[in-house]
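One chain comes next, on its own, written as structure tokens: the form predicted on its own.
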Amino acid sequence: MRIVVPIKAVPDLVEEIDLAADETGIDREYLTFVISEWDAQALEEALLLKDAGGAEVVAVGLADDPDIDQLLYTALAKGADAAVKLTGAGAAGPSGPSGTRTADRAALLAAYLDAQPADLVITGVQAADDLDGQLPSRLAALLDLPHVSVVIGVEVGGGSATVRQEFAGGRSHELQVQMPAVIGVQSARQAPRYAPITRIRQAMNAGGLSELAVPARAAGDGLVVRRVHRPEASGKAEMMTGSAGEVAGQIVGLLRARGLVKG
């Protein structure tokens, strides 16, 4: 069984985020990039399937994503069997506030998968810098494959996959989908495994990262972000100073003033 896991590089949210001058996205020039947290969950779910049944796991990224080499080597260090970076004329689609637009990203991945099909495509259900959740469904539509998203567990057998899908309020149910299929993962059955820097360096020294030019493919219409702006401040924090007793008195006074404490 061959499993392909698309990987996206997103800004590290622990850093200060500034808006671009045209207010259509964020300034990405000086940011550090990390693997999308949902793609990390998707990779872990694929590796769990490999551990259980000997699947081949291939991590795939776009050359236009910042720091993508490091992320793909990290996937190899975690246990992926191969890593592919998609390059070429088709890999430089129009940019949006989150880099390559989701529609173009799906088209590039579909072009790769047309040439090198997979039994399962397991991708993150969304990414922190777009949150539109469109990649799994768009990719499935381009490949004419069944698709399930918001998945929290995958098991395979007999040419089909049994997936557990999560709903609001902690509810979930199971679906059976025929393979090949595209799965959008919300969370893996266990936390993503850690790859120490020594193992990542070993993966770099060993190679295993290949580049592949993919042809351009029509992406179709997609979401267009007209403006990004910071939320308007509706209030502010009040800092209390003094001894523990003085601060406690201030808190009680504030609660009384708002009618939350009587007496």
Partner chain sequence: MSVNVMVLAEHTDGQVSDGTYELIGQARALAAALGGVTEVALLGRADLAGQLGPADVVVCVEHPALEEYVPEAYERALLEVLAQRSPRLLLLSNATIGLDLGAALSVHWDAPLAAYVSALEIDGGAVVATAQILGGKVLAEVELPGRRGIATLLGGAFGADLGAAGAGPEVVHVAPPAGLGALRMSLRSVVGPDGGDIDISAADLLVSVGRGIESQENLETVQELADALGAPLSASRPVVDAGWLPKSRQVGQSGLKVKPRVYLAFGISGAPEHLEGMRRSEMIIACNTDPGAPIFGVAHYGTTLDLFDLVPELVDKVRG
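Note that the structure is predicted; figures quoted are calculated from it, not measured. Only the largest set of C-alpha atoms that superpose within 1.5 Å between the two forms is called the rigid core. Positions refer to the first chain, counted from 1.
What comes next is about the form predicted together with the partner chain, which is not displayed.
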Non-hydrogen atom contact residue 227 with the partner chain in the model of the complex at 4.5 angstroms: yes
Against the partner chain in the model of the complex, would residue 37 count as a contact residue? Criterion: heavy atoms within 4.5 Å. yes
Can residue 203 be called a contact residue for the partner chain in the model of the complex at 4.5 Å between heavy atoms? no
Do residue 164 and the partner chain come within 4.5 Å of each other in the model of the complex, heavy atoms counted? yes
Given a 4.5 Å cut-off on heavy atoms, tell me which of 52 to 60, 227 to 235, 205 to 213, 65 to 73 is the interface stretch with the partner chain in the model of the complex. 227 to 235
So which bits of 135 to 157 sit within 4.5 Å of the partner chain in the model of the complex, heavy atoms only? 137, 138, 141, 142, 144, 145, 146, 147, 148, 149, 150
Align both forms on the core first, then report whether residue 12 has a C-alpha shift of 2 Å or more between the shown form and the other one. no
